[in-house]
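First comes one chain, alone, set out as structure tokens in the form predicted on its own.
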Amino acid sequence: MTTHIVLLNILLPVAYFATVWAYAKAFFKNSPAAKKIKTPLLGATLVCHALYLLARTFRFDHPPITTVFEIMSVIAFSIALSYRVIEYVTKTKNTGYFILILALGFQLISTLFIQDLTDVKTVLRSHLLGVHVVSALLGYSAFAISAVYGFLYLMLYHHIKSNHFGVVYENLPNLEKLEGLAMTAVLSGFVLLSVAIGVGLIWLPRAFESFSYFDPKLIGTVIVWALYGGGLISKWAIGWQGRKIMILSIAAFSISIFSLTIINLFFSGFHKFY
């Protein structure tokens, strides 16, 4: 691994930690200095992360999607970028700590365990693979954000029920807005994962001789898709809302993490590229 890639790999968790720290200081301590630097810090971190992913792509001649730990770095970037877009569009800047700490966790694990991988299969050069993987990772990132908003909803709900009107109550958006943000993220993730599954079902049988509809990774992905689809149907058709739908969102995300990590590491067959 070249020096600049090594340095960026080490710098990224430090940059994410500094960004998370600034958002935490702004939220919990109401620090004017932290409020001023948190968004520029996030922007600088995103630039560094984009350069790192591009550097790996050109250095090893394949997109950084071939191992679990490369994918974790891409997910960290997707979560951080998605939050920055949400922050810009909604002008709501008080939830960054709770979302970006997730990006920090993914990137820290990636930094600790990522390895060089120069010998990859030619299938990685397929444009359809890019559509398949990018759609899936963006979908999982949206689900991660929905889970965070679900957690914040439950936390705020608990504070209100217990008549505890402290910093969390004062700084978080109201319950209705948190539920709306969570469901917007769920819908976005569901659409993106639907695209990934659709492309995969068309392309994967042609790309892999060992393709099987019973591959554990494929089954896990379909289960996650079905859970989120069921949640959307429950909200629109049955009228589920509030705590029920937020708990379902968090549970579905926990299963998606299991599918993305444990199943991919130990049980997947043709989905492994290395």
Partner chain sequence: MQLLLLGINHRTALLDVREKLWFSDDELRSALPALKSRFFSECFIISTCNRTEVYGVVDGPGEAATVEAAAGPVIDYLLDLKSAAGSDTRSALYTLGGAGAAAHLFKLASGIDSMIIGDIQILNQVKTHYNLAADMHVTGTFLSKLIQTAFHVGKRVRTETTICEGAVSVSYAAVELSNKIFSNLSEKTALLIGAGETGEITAKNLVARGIGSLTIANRTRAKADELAASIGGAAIEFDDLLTKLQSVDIVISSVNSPAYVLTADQVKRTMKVRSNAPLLIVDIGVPRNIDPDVNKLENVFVHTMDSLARIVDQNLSRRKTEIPAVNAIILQELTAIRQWFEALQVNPTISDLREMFETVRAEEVKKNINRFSKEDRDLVELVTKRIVNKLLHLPTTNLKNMNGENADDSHTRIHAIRTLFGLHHTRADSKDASAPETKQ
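Numbering follows the first chain given and starts at 1. These numbers were taken from a predicted model, which means no experiment stands behind them.
The same protein has a further form, the form predicted together with its partner chain, not shown here; the description that follows concerns it.
Undergrad: Name the single residue among Leu156, Leu108, Ile114, Val195 that comes within 4.5 Å of its partner chain in the predicted bound form, judging by heavy atoms.
TA: Exactly one listed residue reaches within 4.5 Å, namely Leu156.
Undergrad: So in the predicted bound form, is its partner chain close enough to Ile160 to count as touching (4.5 Å, heavy atoms)?
TA: Within the cut-off, so yes.
Undergrad: Taking its partner chain as it sits in the predicted bound form, is Gly229 in contact with it (heavy atom to heavy atom, 4.5 Å or less)?
TA: Looking in the predicted bound form, residue contacts with its partner chain do not include Gly229, since no heavy atom lies within 4.5 Å.
Undergrad: Indicate whether its partner chain has at least one heavy atom within 4.5 Å of a heavy atom of Thr90 in the predicted bound form.
TA: Contact check for Thr90: no, nothing within 4.5 Å of its partner chain in the predicted bound form.
Undergrad: Does Arg59 reach its partner chain in the predicted bound form if we count a contact as any heavy atom within 4.5 Å?
TA: Because no heavy atom of Arg59 falls inside 4.5 Å of its partner chain in the predicted bound form, the answer is no.
Undergrad: Which of 50-58, 216-224, 63-71, 236-244 has heavy atoms within 4.5 Å of its partner chain in the predicted bound form?
TA: So the stretch in question is 236-244.
Undergrad: Mind listing which residues of 65-102 have a heavy atom within 4.5 Å of its partner chain in the predicted bound form?
TA: Nothing in this stretch is in contact.
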